[in-house]
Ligand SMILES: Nc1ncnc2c1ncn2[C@@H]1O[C@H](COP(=O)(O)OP(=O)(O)OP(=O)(O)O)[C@@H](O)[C@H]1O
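The data below hold one chain only, encoded as structure tokens and taken in the form predicted on its own.
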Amino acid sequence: MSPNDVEKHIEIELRKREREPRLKDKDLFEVVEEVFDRRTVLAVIELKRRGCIKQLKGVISAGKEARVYWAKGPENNDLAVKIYLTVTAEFRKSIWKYIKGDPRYEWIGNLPRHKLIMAWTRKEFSNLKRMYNAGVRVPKPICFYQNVLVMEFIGENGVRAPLLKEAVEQGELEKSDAEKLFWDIIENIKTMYWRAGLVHADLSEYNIMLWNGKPYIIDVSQAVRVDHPHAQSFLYRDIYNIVRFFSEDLGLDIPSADEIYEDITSSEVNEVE
């Protein structure tokens, strides 16, 4: 079953449930795409009932742990819906370094599979909200429920904005604009650190979107607080990745990662409360 067929199935069953409140759950899941398990379908339906999502459209991107869909909101506005699908042993191991030492989420490490997905979704929503409110350029968080996160769509008419890596490969970034873009990204890292009190911890050219000449930072589920035991090494790695890309791939003459790290960590900017 294709994603569009799944959407039609969800719409039909949603109407049935509105007409027949006592419809048994098993009737809802007789024919559902493999990745949409029982909890996921119910979560999408609940977000529709809350008026958060009006219509789920096609797939924007698909990964091992999550898929992102284009959706329409109550005012026919474009939305991005990120659905976490599975938790493998590899996924559980990979996220441990980001939650160990973080008092907000260290407790989630030993949760059952479905509860771990829900906690990780909540973590990404919380990080997005904290960053957005601090002035970091990220997609605006809208709502979440269970393993489904709804946020602003960066792009147009269901076509997502290119990743920074893609924009360079496709020749959409002029070299004359690259230095301004570089410093814009660095300023967002600094704002994230001082005003949101967070470090992205996995920043690179693969999770920055370029839209209308401005960078949008995405995929923030693994972001950690600045008091996390590994926050400083994560921050340095983020900076190094950005410096490497702009210097090696775009040939810019820019300060070293060490210099930018020193500048960011010594800046006198008020932290978020």
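One-based numbering along the sequence shown. Source: prediction; values computed, not measured.
Heads up, the form predicted together with the ligand isn't pictured, but that's what we're talking about next.
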**Prompt:** Though the ligand is not shown, can you say which of E179, E187, D102, E152 has a heavy atom within 4.5 Å of it in the predicted bound form?
**Reply:** E152
**Item:** Contacting member of R130, R137, K123, K82, with respect to the ligand in the predicted bound form [4.5 Å, heavy atom]
**Value:** K82
**Message:** With the partner left out here, check for me: in the predicted bound form, does some heavy atom of I239 sit within 4.5 Å of the ligand?
**Reply:** no
**Request:** Report yes if any heavy atom of A167 sits within 4.5 Å of a heavy atom of the ligand in the predicted bound form; otherwise report no.
**Result:** no
**Message:** Just checking whether S61 would be counted as a contact of the ligand in the predicted bound form - the rule being heavy atoms within 4.5 angstroms.
**Reply:** yes
**Asked** Should S247 be classed as touching the ligand in the predicted bound form when contacts are defined as heavy atoms within 4.5 Å?
**Response** no
**Request:** Quick one: find which of 94 to 102, 111 to 119, 179 to 187, 158 to 166 has residues within 4.5 Å of the ligand in the predicted bound form by heavy atom distance.
**Result:** 158 to 166
